[in-house]
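Given as C-alpha cells, the chain that follows is alone and in the form predicted on its own.
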C-alpha cells in the first residue's frame, strides 16, 4: 500500500465533506488534486483494499426501516435461493452462516410497512420461511482503524 493511500484512508474514516465539491475539499486537505484523490479511491476499490466507499445512512431516521432476516436453506438450494433473495432491491447484505438458519440478510425499505411485504415476496419466491429479527435497541460503535 502506498503512503498516500494510508493517508487517504486515515483521513477519510469518520468524515467526508458535505459540499458542492466534496472530493476537491477532501483532496485539498490531503495535499492532492481532486482527480488524484478520485483515482486513488478507485484503485483502492479495484485492488479490494477497500470494500466500499460511500455514505452510511440511518434509514429509520429518514422515515424508512431496516431489519435482519434469516432463512434455513437446504444446502442443495443455497445458490438458487441466494439469487432469489439478492434479486430484491431492498436486500442490502447477504451472508452464509454455519447454523440451522444458514442465510442471513439485511432488508432496508423506504417505509416501515415494506419490510413485511418484502418478506412475504421472498417467502413466496423461495417457498421457505423468512425469520424477521428487528432490532430492539441500537448502539453506535465508531470504529476507526489506523492504517
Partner chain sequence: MNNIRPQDQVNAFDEIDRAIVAATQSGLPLVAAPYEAVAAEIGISADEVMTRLQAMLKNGIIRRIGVVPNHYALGLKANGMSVWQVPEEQVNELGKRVGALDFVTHCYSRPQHLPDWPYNLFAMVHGKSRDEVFEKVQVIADLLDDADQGHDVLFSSKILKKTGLRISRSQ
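Because the structure is predicted, anything quoted here is derived from the model rather than measured. Definition used throughout: the rigid core is the maximal C-alpha set that superposes within 1.5 Å between two forms. Numbering follows the first chain given and starts at 1.
One more form of this protein, predicted together with the partner chain, exists but is not displayed; see below.
Colleague: Can any non-hydrogen atom of residue 15 be found within 4.5 angstroms of the partner chain in the predicted bound form?
Modeller: Yes - in the predicted bound form, heavy atoms of residue 15 and the partner chain come within 4.5 Å of each other.
Colleague: May I ask you to check whether residue 45 falls inside a 4.5 Å heavy atom distance of the partner chain in the predicted bound form?
Modeller: Answer yes; at least one heavy atom of residue 45 falls within 4.5 Å of the partner chain in the predicted bound form.
Colleague: Is the gap between residue 33 and the partner chain in the predicted bound form 4.5 Å or less for some heavy atom pair?
Modeller: So residue 33 does not count as contacting the partner chain.
Colleague: Give a yes or no for residue 126: in the predicted bound form, does one of its heavy atoms lie within 4.5 Å of a heavy atom belonging to the partner chain?
Modeller: Contact check for residue 126: no, nothing within 4.5 Å of the partner chain in the predicted bound form.
Colleague: Determine the residues of 34-56 with a heavy atom within 4.5 Å of the partner chain in the predicted bound form and present them in sequence order; the list may be empty.
Modeller: The stretch 34-56, when checked against the partner chain in the predicted bound form, contributes 34, 38, 41, 42, 45, 48, 49, 50, 51, 52, 53, 54, 55, 56 at the 4.5 Å heavy-atom cut-off.
Colleague: Once the core is aligned, please say if the CA of residue 102 is shifted by at least 2 angstroms between the shown form and the other one.
Modeller: It does not reach a 2 Å shift.
Colleague: Superpose on the rigid core, then tell me if the C-alpha of residue 129 is displaced by 2 angstroms or more between the shown form and the other one.
Modeller: The answer is no, as the C-alpha of residue 129 shifts between the shown form and the other one by less than 2 Å after core alignment.
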